[in-house]
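Shown here is one chain on its own, the form predicted on its own, set out as structure tokens.
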Amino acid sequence: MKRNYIRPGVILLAILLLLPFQVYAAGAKATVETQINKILTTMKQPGFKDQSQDAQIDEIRKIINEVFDYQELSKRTLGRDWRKFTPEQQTEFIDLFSQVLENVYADRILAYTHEQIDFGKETELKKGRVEVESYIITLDNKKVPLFYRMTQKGDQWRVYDVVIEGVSMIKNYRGEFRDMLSKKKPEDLLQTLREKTKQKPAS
């Protein structure tokens, strides 16, 4: 009797197809580590240093946009004040605020062009949210903490806050925006962000 043999590779493929995608999708730490390595590789490319700072920030911005969740970050920053904005204002706020954060984050990364970045532990904050530790090792061997708080969206992990040297980007802006919105309208905050990013009002 002729026997049918199933190749091991076929069995492995079948098992992978049956497993939930989250099982073998990149984890939070792997996701942020990949993006940081992409940034470091970009910064070491010939000609990068010869570019203007705006051009350098633009290069870094393209990479961080792949992993940052600006909608989640914006909602968390405004908190209860998010509901004061119309849908159109919310969209514009996300766009403007993301530009502000990109510049702050990229500027900090550019300040450590020659340093090494080491990754620490990944800590679960609550279900579906973790904090990934990273440390910039300066030339004089000091460790500058740069932690990433991430949330799971489907099968992917996205950054919703960055804690730079113990200061949360969300909390840093939340108090400022909350104080402004207690006295002024959402349009006033948008205008402030437009001026900071040199953008024109949305049509």
Partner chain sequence: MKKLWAATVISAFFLIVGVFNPSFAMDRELGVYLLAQQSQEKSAEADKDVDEDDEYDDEYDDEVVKINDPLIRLNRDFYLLNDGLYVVFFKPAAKVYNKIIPDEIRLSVKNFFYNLRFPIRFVNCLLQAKGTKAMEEFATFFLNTTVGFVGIQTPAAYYESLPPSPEDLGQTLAVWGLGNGFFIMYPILGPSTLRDSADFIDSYFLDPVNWLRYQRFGGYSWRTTVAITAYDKFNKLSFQIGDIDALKEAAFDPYIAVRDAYIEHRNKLIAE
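Numbering follows the first chain given and starts at 1. None of the values given here were measured: they were computed from a predicted structure.
Not pictured, yet referred to below: the form predicted in complex with the partner chain.
Of the candidate stretches 170-178, 60-68, 45-53, 31-39, only 170-178 has residues with heavy atoms within 4.5 Å of the partner chain in the model of the complex. Contact between residue 154 and the partner chain in the model of the complex is not found at the 4.5 Å heavy atom cutoff. Using a 4.5 angstroms limit between non-hydrogen atoms, residue 79 touches the partner chain in the model of the complex. Shown alone here, residue 117 lies farther than 4.5 Å from the partner chain in the model of the complex, counting heavy atoms only. Although the partner is absent here, residue 126 sits close enough that one of its heavy atoms falls within 4.5 Å of the partner chain in the model of the complex.
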